[in-house]
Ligand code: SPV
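Below sits a lone chain in structure tokens, taken as the form predicted alone.
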């Protein structure tokens, strides 16, 4: 395939992801042998925990990152804040990270700038959704305006021209979320494939996977299909394997687990006026030190820090 030219969005030195990270992500998403899984991370700590659990790739969730910063998932957090968090996730895990880039934070120019900056900070891929700016979380309310197909295709082409094959480009379709139906979803998928997307993320807010599986059947794997089964979580993974789904994203579960756990602990400490009751059920300090590799610092000190 011909290598497309990079756009001169910013003439600054890049601290790029190792090519192997984007290639690992590309191999995962484009795999035809089995379903791959990406685990949500919203900061360096959640990324490190996901890595320890055995996940080979991460999803930098827009909802989860916004929530961890105290913002709503409505483009209230800036793209620079997103990029800063992604850099910490990459540094802490050295895993390939697919970044939820919302709609690109504006038009084609904003989208290509975001993609270039993510590449500089070490991201392996970016997912862009065909929503209008500012977006609203897919599961909030019923007013979800879709971008014009040609305009959004231009965003995808701009990203592809800017980062070429250095980032995996996933086009996220919100047609089913917005109630436009299957025909519109297939039409958009075809247009986004022609614009250079590497994979299609088809999104649904239904409690069953029926329309997702219908899309997969109609799409015939023209490009790999990525899904986010937040609402239809009862569907077994075997159904996705049978449908030829490429990648499943567990999109917000670490953030939601953290909220539930912290709320429980805070409530108990407040009501009991002490911490003795919660100590057996929270991580020990030794576990914190082990997770964040304090032992590596000790070894480095022994090697590099020559104290009298």
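Numbering follows the first chain given and starts at 1. Bear in mind the structure is a predicted one, so any value in this text is a computation, not a measurement.
If you look for the form predicted together with this ligand, you will not find it shown, but the lines that follow are about it.
- Though this ligand is absent from this view, in the predicted complex it lies within 4.5 Å of a heavy atom of just one residue from 162, 92, 153, 138, which is 138.
- The listed set 49, 39, 243, 63 contains one residue whose heavy atoms approach this ligand in the predicted complex to within 4.5 Å, identified as 63.
- The stretch among 77-85, 104-112, 138-146, 182-190 whose residues place heavy atoms within 4.5 Å of this ligand in the predicted complex is 138-146.
- For the chain shown alone, residue 172 is a contact residue for this ligand in the predicted complex, at least one non-hydrogen atom being within 4.5 angstroms.
- Mapping the unseen interface onto this chain, residue 228 counts among the residues with a heavy atom inside 4.5 Å of this ligand in the predicted complex.
- With a 4.5 Å cutoff on heavy atoms, residue 73 counts as touching this ligand in the predicted complex.
- This ligand is not shown here, and in the predicted complex it never comes within 4.5 Å of any heavy atom of residue 116.
- Shown without its partner, the chain has 203 as the single residue in segment 201-216 with a non-hydrogen atom within 4.5 angstroms of this ligand in the predicted complex.
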